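Next up: a single chain in structure tokens, the form predicted alone.
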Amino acid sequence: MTARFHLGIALDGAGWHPAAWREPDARPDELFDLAYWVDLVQIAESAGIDLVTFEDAFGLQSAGFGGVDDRRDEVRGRLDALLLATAIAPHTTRIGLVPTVTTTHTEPFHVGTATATLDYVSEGWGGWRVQVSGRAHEAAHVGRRSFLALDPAAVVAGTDPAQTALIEELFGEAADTVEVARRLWDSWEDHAVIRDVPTGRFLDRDKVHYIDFAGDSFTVKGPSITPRPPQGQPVVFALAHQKVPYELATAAADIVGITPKDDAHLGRILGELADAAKVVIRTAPEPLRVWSEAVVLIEDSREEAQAVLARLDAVHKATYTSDTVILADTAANVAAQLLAWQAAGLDGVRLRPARLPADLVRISTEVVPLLAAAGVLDRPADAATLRARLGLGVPENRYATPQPTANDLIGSARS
């Protein structure tokens, strides 16, 4: 049996190329309209895409780790990702909705209840992309803490002890937030709500539990105000680029998104993930799924795709770069790359369309059928939730009282 390969789409603005909003078929006047986002998600859903993600941050979009840049020719501003996903949910039935939620300035209790609410509204198709914020100007928006300015090169090289310590603090806090959310999701047993009108008992209080979390940055008593979500625990996705984020993802996420530049880089990343697995204790309920990331721009020939990319760069007056590979090519060659990743053992890919809706449409109508023909897109016919669609089971509730077995009852009756 051919291993399944899963597909996600990273939705952001008018696309991931900064000049995409100036394309003739772009819809920049609709970026803050719910209908625009519903339309994009429904295109992906109709094609059989497994999930979509929504970008978010505590500050305006900007290049690099520094403050807000002074460019006025790029998309700036976005809708709140979690609220947007929740608003879209009633318009979809079988696609995962995974908003970015920043852990650095957000109360863990609110993260747990809000993502549980998304899972209810979407009827079991909710997720959460974990993100930290190390930007000083974003911290200033909240005003509870201040950060030193991060130097990306020093962060990657690990040559500045202060910056390394900050990164470890932020990701340690994120790991604690994921743990708190998972505990809050479990804090109500599945049958805690009994709604027994004759006795007047709405809730079985014995099935609602304190979580009593105590970490380095916060403590959370619990229980949640929201009953256990339909999936038990919504899907947790973490994008990672280096050692500390790899450790967070390896310990706590259901899916890690990695950013290879080429095959050799992919091999090194997989080695670093394996190293991370040796030094952390995995708390997530199932083995980690590894997805690649890729920016995609699709035309009828590689030459045309490269020409469009060059034209967009010229409009933008700068060469577009990304933290991951940029596939400006034909649908067949993009599909071939995805199949090569699948053969290399990856579980899926999150594609970042360079232009919206153009590249999303070409992924949906050209790349997906090629993958389906290759036999890697079979899904469980009865998958009624995102976890089921991705082959993830419903996690056991850590607080649930074990139910007596038939033998227990027989033994009890004879004693």
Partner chain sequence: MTLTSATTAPTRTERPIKQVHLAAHFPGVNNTTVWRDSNQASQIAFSSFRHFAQNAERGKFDFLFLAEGLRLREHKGLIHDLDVVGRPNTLAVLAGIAAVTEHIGLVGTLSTTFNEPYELARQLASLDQISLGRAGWNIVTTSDAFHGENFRRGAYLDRGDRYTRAEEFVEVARRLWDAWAPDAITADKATGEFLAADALGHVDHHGPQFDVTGFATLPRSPQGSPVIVQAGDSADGRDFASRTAEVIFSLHSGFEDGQAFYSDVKGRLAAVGRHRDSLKILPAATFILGDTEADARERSRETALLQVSPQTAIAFLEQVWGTDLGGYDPDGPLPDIDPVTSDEGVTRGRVRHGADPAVIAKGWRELAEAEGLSIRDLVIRFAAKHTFVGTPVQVAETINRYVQEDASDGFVIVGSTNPTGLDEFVDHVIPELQERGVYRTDYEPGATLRQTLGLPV
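Positions refer to the first chain, counted from 1. Computed from a predicted structure; not experimentally measured.
Although it is not shown, the form predicted together with its partner chain is what the next lines describe.
Considering its partner chain in the predicted complex, the lone stretch of 258-266, 298-306, 192-200, 275-283 in range is 192-200 [heavy atom distance within 4.5 Å]. Checking 293, 160, 313, 173 for any heavy atom within 4.5 Å of its partner chain in the predicted complex turns up a single hit: 173. Among 323, 151, 107, 168, the residue placing a heavy atom within 4.5 Å of its partner chain in the predicted complex is 107. Proximity of residue 137 to its partner chain in the predicted complex: non-hydrogen atoms within 4.5 Å are present. Taking the partner from the other structure, its partner chain in the predicted complex has no heavy atom within 4.5 Å of any heavy atom of residue 374.
Although the partner is absent here, residue 63 lies well away from its partner chain in the predicted complex, with no heavy atom inside 4.5 Å.
When its partner chain is considered in the predicted complex, residue 236 lies well away from it, no heavy atom lying within 4.5 Å. Residues 223, 224, 225, 226, 227 of 223-238 are found to place at least one heavy atom within 4.5 Å of its partner chain in the predicted complex.
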